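The form predicted on its own is given below as one chain in C-alpha cells.
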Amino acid sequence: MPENIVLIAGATGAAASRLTEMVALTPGWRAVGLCRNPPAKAPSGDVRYIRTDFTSLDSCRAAVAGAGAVTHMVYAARAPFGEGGVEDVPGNVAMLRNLLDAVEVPSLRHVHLLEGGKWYGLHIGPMRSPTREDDPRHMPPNFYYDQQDLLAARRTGKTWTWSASRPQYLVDVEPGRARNLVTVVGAYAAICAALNAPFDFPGKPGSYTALTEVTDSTVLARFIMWCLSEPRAADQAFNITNGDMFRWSRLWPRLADYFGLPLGVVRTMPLDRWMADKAPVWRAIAERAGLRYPDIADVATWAYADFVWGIDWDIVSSMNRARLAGFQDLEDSEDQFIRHLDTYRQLKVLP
C-alpha cells in the first residue's frame, strides 16, 4: 500500500492533469482522480479515476469510500463558467463543501485548494502590482474568497492543514485542450500565414506593452506536491508563477520570426468574432499538414484570447512568500512558449 493517497478533484482539468501524472509516478504516492468524465486511458503510474458529481454529497461520499485511506486532497474542480465576469459562488462553494464533508477522515493530513489570479480582481480592472497574498480583497462576489473561508473554518480544531495556490494564466502541452495561449497563438499564426496576413497583435495596445506572467502546469504541479509535504506551507495561500515576467511587445517579434511571418502592428480585433468564419481555413490547413484536429474549436478558444489580450494593465505576482518558504523553481516563460510550440508541432496539433 502507498504511504500517501492523494484525492484530486478535477483531475483531468488544465490545473490538475500534470499533478495527477506527477503523483502517479512518485514512489510511495497514489493518485485517485475525481472527475465528471474519467478518461478512457489513465497515465502511467499508480493512478485510478472515479466518476464523481461534485454537486452530489452522496456521489462524493461514494468516491471517497472507493479511494482508500485518503491522506491528501487537492481541490481543482470548478463549476461551469464563461470568460471573465462573475462566476457561480453558491455552486462552487457547495461543490467544495460536499467533498470536504466526505473526505474528513482520520487519515487526512492536508488539503490544497486551487485558486487563481481572479483572487486579486484580475477580471475587474487594474490591481495592485506586484500582488501579495495579504492584499485586501476586492468587493465581492468572488468564489475563491468563500471557498478559502470555508476551508480555513473547517481546519479549526483539526489535525490536518491546508494550503492554496494562486497561479496566473496556465500554459501546458495537452492536445485537445483549446483554452491554452500556446495553441491559440499557433493557430492564429497558421491562419495568418494561410491568408497572407501579417502577424498583427490582436489585443489592446496596453496589453502589448504591459508586464504579464504565466504559470506552466508542470511548475504548478511541482509546487502543489511541495505544499502537500512541506510544513512551512501549512495554512497559507501562495502566488505561483514561472517566477519571471514578460511583455508581449518583446515576445511577439520572436514569435513572428519563429513562424516565419512578417511582424504586423497592434490591431485590436475581437478574435471570437473575427475568427468566426475561419473554421474552413483551419480545416484546409489541418488537411494539408495532416493535423490531428481539423476542428479549430479543439485547438483554440478565441474568447479566452480576447480575455487575456483585453487586459491592458500589469499582471505581476510577488513570489516572495513561496521563495522564503523554500520553493525555488523557475522557468523562462519566453523560451517555454517556443518549446511548447515545438512540441505541439511534433504532436501534429499545429503545422
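Quick caveat: nothing in here was measured; it's all calculated off a predicted structure. Heads up: residue numbers just count along the shown sequence, starting at 1.
The discussion below concerns the form predicted together with a small molecule, not included here.
- Only one listed stretch (193-201, 229-237, 138-146, 244-252) carries heavy atoms within 4.5 Å of the small molecule in the predicted complex, and that stretch is 138-146.
- Interface residue among 102, 164, 95, 182 relative to the small molecule in the predicted complex, by the heavy atom within 4.5 Å criterion: 95.
- Between the options 302, 309, 54, 282, the residue in contact with the small molecule in the predicted complex by a heavy atom within 4.5 angstroms is 54.
- Of the heavy atoms in residue 116, some are within 4.5 Å of the small molecule in the predicted complex.
- When the small molecule is considered in the predicted complex, residue 67 lies well away from it, no heavy atom lying within 4.5 Å.
- Remark: residue 336 does not count among the residues lining the small molecule in the predicted complex, judged by a heavy atom distance of 4.5 Å or less.
- The small molecule is not shown here, and in the predicted complex it never comes within 4.5 Å of any heavy atom of residue 219.
- If you check the small molecule in the predicted complex, you find no heavy atom from any of 186, 259 and 291 within 4.5 Å.
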